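Only one chain is shown below, in structure tokens, and it's the form predicted on its own.
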């Protein structure tokens, strides 16, 4: 079972690869406004990568409801149980 901290670390690695930006540092309050290339189009690709990495799936409603990385991490944690 992954800890919340491990999920955040894994998410950070995904974000760094997805956006080709090694300076990304995530926390629960991180939003699309904090990452230059994170927009509605890249969000869908990011969600696909996250789903494949964690072997989970989100509904479209879930994908568009995340307000920040903390919401995303909470949803991932719930799906991994």
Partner chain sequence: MDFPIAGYFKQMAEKMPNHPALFYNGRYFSYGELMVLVSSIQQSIEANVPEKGSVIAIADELNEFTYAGILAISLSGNVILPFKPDMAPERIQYIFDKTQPSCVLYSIYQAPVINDQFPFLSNFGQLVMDYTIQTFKPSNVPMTFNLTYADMAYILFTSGSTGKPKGVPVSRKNVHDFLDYYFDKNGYHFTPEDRFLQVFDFTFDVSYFSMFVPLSIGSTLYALDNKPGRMKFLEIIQMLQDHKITVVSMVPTILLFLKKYLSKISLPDLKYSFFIGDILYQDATAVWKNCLPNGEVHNFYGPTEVTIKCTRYIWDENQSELEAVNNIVPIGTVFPGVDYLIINEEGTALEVGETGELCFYGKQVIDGYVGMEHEQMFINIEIDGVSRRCYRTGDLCSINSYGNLLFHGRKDFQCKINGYRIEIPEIEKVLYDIVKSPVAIVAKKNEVGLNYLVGFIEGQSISEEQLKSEMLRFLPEYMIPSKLVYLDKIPLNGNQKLDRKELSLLNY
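Numbering follows the first chain given and starts at 1. Since this is a predicted model, take the numbers as computed values, not measurements.
There is another form of the same protein, the form predicted together with the partner chain; it is not shown, and what comes next is about it.
In the predicted bound form, the partner chain sits within 4.5 Å of a heavy atom of residue 63. None of the heavy atoms of residue 68 is located within 4.5 Å of the partner chain in the predicted bound form. In the predicted bound form, no heavy atom of residue 53 sits within 4.5 Å of the partner chain. None of the heavy atoms of residue 29 is located within 4.5 Å of the partner chain in the predicted bound form.
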